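Just one chain is shown here, as structure tokens, and it is the form predicted alone.
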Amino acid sequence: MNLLEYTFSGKKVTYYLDDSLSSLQNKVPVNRSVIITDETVYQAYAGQLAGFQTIVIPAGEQHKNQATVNHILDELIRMEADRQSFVIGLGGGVVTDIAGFAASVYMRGIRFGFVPTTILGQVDASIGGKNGIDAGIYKNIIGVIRQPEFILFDHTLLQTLPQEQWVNGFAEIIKHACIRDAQLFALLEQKKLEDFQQDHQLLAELIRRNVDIKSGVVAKDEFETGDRKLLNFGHTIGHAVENTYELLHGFAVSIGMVAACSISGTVSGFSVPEQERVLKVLQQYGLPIYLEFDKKRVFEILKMDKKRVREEISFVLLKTIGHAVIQKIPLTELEELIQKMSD
């Protein structure tokens, strides 16, 4: 186990890297803790959760909504959870988002921690304190920023992931490389997905590197007034297509990154050869680079993005691989750029 600590707004968060789910009972008061997980994860790991109270929710993004939160809150009340209780989100990004949100609003906030069980969860979704839910097709539009007490990373939990969930998670890894780490991008170009799946040490180093990238950005700008917006590279258009076409998050972000690269070429001078490098890496890791989507419909959803202020939106562009910038783009101009993308 490796221990890492980051401080966000005066609150210290402990990362237990390369740890084990079985050690959870040594990190929280078992008799006062409630594990929130989904049906898929519970079926796989119920045997390791003895002694914990559990709330099991349906699996899938379509359940990341207020109705699921209401169910969790009702269960916490039924269990007589109080301000000394501890919530643990055990699962992928949907579970940790919901668990963190429910814990943040129950009794105006009780302590919580995460055990992410997917690549996406371990490199991105569980990190940074964003906890929220969707409202219909509008992703993460209801939520809070509140940090967990800890995040426990058990890389052995990834062994049972289906292949598409490995691919799904690598979209966020590629995103981090694009915006912050040209050397990481070069490493990804040299390797393939199977290399990380088969080499535990290589995977552990990759996860730590991504934890450092995201945590470092968030620690400097927890409430997204500046550089934290860089983490939204590929997400503005990606979120707009994700729920419309029921894509996995990483697949939608991949489409969004391709679109953002194209727009970067027009607006920030991102070179064609570097655009092609990004597309090649996305394909190398099994991610889609093309989707024939309804541009008008996607733009209508995009207008409700949280990064919109009046008639402008903060859009993340690449200048070079490893160097991203945030630029306000008028909605009218962005609509034109989206319309031209497949012309």
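The shown structure was predicted, so the numbers you read here are calculated from the model rather than taken from an experiment. Counting begins at 1, following the sequence as shown.
As for the form predicted together with another copy of the chain, it is not shown, yet the points below apply to it.
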**Asked** Since the chain is shown here on its own, which stretch among 291-299, 41-49, 63-71, 274-282 would lie within 4.5 Å of another copy of the chain in the predicted complex, judged by heavy atoms?
**Response** 63-71
**Request:** May I ask you to check whether F170 falls inside a 4.5 Å heavy atom distance of another copy of the chain in the predicted complex?
**Result:** no
**Message:** At 4.5 Å between heavy atoms, is S85 in contact with another copy of the chain in the predicted complex?
**Reply:** yes
**Prompt:** According to a 4.5 angstroms non-hydrogen atom cut-off, is N31 in contact with another copy of the chain in the predicted complex?
**Reply:** yes
**Message:** Test of understanding: in the predicted complex, would V56 fall inside 4.5 Å of another copy of the chain by heavy atoms?
**Reply:** no
**Asked** in the predicted complex, does each residue in the set S104, G109 and N140 place a non-hydrogen atom within 4.5 angstroms of another copy of the chain?
**Response** yes
**Request:** Report the residue, out of K130, K214, R180, R208, that has at least one non-hydrogen atom within 4.5 angstroms of another copy of the chain in the predicted complex.
**Result:** K130
**Fill in**
In this chain shown alone, the residue from L187, A135, L193, L202 with a heavy atom within 4.5 Å of another copy of the chain in the predicted complex is A135
